[in-house]
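The form predicted alone is given below as one chain in structure tokens.
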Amino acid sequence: MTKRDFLQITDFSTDELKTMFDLAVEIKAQTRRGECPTPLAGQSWACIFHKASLRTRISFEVGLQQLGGGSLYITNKEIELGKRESIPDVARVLSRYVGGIVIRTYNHKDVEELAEWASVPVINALTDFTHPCQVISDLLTIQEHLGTFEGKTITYLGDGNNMARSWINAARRLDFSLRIGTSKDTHPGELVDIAKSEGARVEVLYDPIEAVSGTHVVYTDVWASMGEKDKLGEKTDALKAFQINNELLTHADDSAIVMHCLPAERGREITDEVMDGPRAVVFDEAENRLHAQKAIMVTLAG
């Protein structure tokens, strides 16, 4: 079997992603019955974390345990990736010990280099460029609440960051329309044009009401990502019109759901009333990190 990695959603074809969703549904049901399969029995996976984490670290570590495997939590102090040892050397050493590598870091090119040299699967658990595991979990949640994500309109409001780019990549492979409501100063960049050239239904809108009009999913993230907190003031000025609040939601579809990848800065990009309201599926979304990521790991492990 050829080694596969999951660095971006576009690493997998449409059919492969649909199979992964089916597997996630199956594994979630089995887990809730106390019958989670254990295909990773006897394996330990390296979990390299250079950024603080609640959902990502715990969901991967619990997921590995439920699949029969073990996890090794590795911070930058242990290996100083690319400094104390070169990335190719780290990749080749770890490949002799572990069944796979999960990495949450800053520079996406470091993850690509790690995957190039590793002989075991590598999973991008977040970089400054993309956060693919989150969107797989989000799509699973949309499927659960709306029956399907196919043919739906999904609106992302906020900064054109790694989450926005991950949603664009998902639209390049899957059948939904994506609207990105943002300011001209926080546009997600050239990936929008790449997606459109491939036939993806992606548009960037600068009016929040237009962005959410009739939409089925209203989604947001913090306006200043980890490593960009010094820009919070300017981002807030640029994006304050895109806050998810009850008034803005009146323009969405009557059955629209609200999502946030967390952590949330309540009162900034989303109000308490919405976050704790009946339309929010935020904590279902957080739970599904566990089950979606188990499906990703099982898929990569073959």
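From 1 onward, residues are counted along the sequence shown. Just so it is clear, the model here is predicted, and its values are computed rather than measured.
From this point on, the text means the form predicted together with norvaline, which you will not see here.
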Partner-free chain; cross-checking norvaline in the model of the complex, the single residue of 140, 200, 115, 222 with a heavy atom within 4.5 Å is 222
Considering 170, 101, 157, 126, which brings a non-hydrogen atom within 4.5 Å of norvaline in the model of the complex? 126
Among 30-38, 260-268, 65-73, 236-244, which stretch has residues with heavy atoms no more than 4.5 Å from norvaline in the model of the complex? 260-268
Taking heavy atoms and a 4.5 Å cut-off, does residue 179 contact norvaline in the model of the complex? no
Looking at the partner-bound form in the model of the complex, is residue 162 within 4.5 Å of norvaline by any heavy atom? yes
